[in-house]
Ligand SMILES: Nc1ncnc2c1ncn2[C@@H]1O[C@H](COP(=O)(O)OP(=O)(O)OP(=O)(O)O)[C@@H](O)[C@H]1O
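The chain below stands alone, shown as structure tokens; this is the form predicted on its own.
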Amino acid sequence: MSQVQILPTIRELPDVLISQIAAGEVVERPASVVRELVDNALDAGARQITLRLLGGGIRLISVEDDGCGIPADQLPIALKRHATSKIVSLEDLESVATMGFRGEALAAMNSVSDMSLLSRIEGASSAFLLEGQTGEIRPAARAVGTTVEVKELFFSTPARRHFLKSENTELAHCIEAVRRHALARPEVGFAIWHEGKIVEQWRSQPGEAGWNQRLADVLGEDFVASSVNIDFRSGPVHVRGRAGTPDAARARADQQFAYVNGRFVRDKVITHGARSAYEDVLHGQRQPVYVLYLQMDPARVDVNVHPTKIEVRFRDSREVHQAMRHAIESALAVPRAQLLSSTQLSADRTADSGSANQLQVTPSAPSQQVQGGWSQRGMPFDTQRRAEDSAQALADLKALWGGPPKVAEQTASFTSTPQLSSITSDTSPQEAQEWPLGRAIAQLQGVFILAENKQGLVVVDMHAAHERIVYERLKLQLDTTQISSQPLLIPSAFAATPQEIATAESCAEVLAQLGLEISSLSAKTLAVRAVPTSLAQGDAVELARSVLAELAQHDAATVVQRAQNEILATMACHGAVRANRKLTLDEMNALLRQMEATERSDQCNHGRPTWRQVSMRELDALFLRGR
């Protein structure tokens, strides 16, 4: 006898359960509550925000601000789902300019905690307190602004509470949430209290000077000292901030902060763009450090991607990727030796660092603005350098990798260009000290050049330094010519995915600019018919797959550039001056001057440093002078 199947009944969920389900997306841990409440305080125009925590935020989260406040009659509405003052229409949603806008956070918090709102507006006789669980409103004492208290988080959903970590771990996440806001709002003061003790405090620092000071307060003086300034515009995208030098790279990506219109985000386009800018200077798997702020039309970015609002979607991800890469590349291209010559090193800061390997650069590094056209690598063309004959520039370095020069030829070998014409053994020590990398005084074990400058001693790895010089010259030659394409005698066919086929068809023009010709042979097969001339001996299929994958996500130009640079790096390594090659003082000085004029000369092609500064204070300490 067959059983009658009972169909489940479709019914509407209770409002409380709906809110608790939604809370699972918005409120993951105490730090989520902190982030949302600080967002609201900033939208209210607060200039001082105080966070008070108990039990790492599990027992209590209290956020106090001095913003505009909430009228008493609107307090109950504030706790309703999808109630907000930030947007009123679809047009507002498509160009969000505030930190909050979804109207979900307060309702979600109220459904999983014991919550209260205390607020007062300008001109009101008193503040009013709203109890979230009962809806009761009563007068209370408070200055203009708002205090939100969230007690016993997840008390109504015990299973969620079991997933929380220890109090110390949750506290660390709460502090990190405030740090991210503090980096973007130097004009706002922040204070964090835990168990009645202050654990972090960042005072209001308005203005440009305040921005640099806030970076130093939050990330430390070392970050500011070992980073360069960025102020870059590319079309509708404005990128500013600071990018760490390769020496400042870390094992983990824990100091990478990116903001879009003041909102901290985690975005693959931004991360990939920043990382690609460091490809040519970063050693191994080290992670760069940076704090970058992207400003663009809010209509060009969708922030309504996830309830946490930490993910975004760009209308044109390629323009954002290129802007990020070019901004950082331009800043890193300036040799630190040039920064040394244009800024005054702080002797006290050098002493405080306690490391002979840390180069100290003042926070006010030169801004990198867009100037004229861009090369294939995305670097700005320098008018004077572009006018210089590249073949002649390489000839200037010939003596450094050729045989030992004759004594009569030493001076002539290094006077073929204006920038080297003044390098002679007769240069006075006073004049030589004006050079950023100083005057060569000796060669050590056929490996290092020792030079004297204003700050003290400069130690140069001559092979690594010359390798970078030759490498950059070769890249410059390639950049000043269009990427030529070489047809393959026999096209290389390969089985392609639907995405690869779609990308090849839609981006044929971009592929042609990169020297690639990829066409369809069938519905599931692509053929590589032409490749860049410089990569003709490589694997055409592997190159095509890499370019199509990057083009589908980011900027494929980096793939071709990377492949070309690998060849040029090999050529430069074989062409650079070898260890145990004895150099004259004129040759050593010529190398130092070339380093000062060469982009990225602070690192070799493999990302290792090419020179180090040892200050007089550090030398004095080695020999206990002054004690």
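Position 1 is the first residue in the sequence shown; the rest follow in order. Source: prediction; values computed, not measured.
Beyond what is shown, the protein has a form predicted together with the named molecule; the following relates to that form.
Contact annotation: residue 500 falls outside 4.5 Å of the named molecule in the model of the complex, judged by heavy atom distances. Contact between residue 61 and the named molecule in the model of the complex is not found at the 4.5 Å heavy atom cutoff.
A residue is said to contact a partner when one of its heavy atoms sits within 4.5 Å of a partner heavy atom; residue 76 fails this definition for the named molecule in the model of the complex, lying far away.
Using a 4.5 angstroms limit between non-hydrogen atoms, residue 56 is distant from the named molecule in the model of the complex. Exactly one of the stretches 310-318, 274-282, 460-468, 104-112 approaches the named molecule in the model of the complex with heavy atoms within 4.5 Å, and it is 104-112. Note on contacts: among 441, 488, 305, 83, the single residue with a heavy atom within 4.5 Å of the named molecule in the model of the complex is 83. When the named molecule is considered in the model of the complex, only one residue from 32, 40, 565, 598 comes within 4.5 Å through any heavy atom, namely 40.
Annotation for 59-78: interface residues with the named molecule in the model of the complex are 65, 68, 69, 70, 78 [heavy atom within 4.5 Å].
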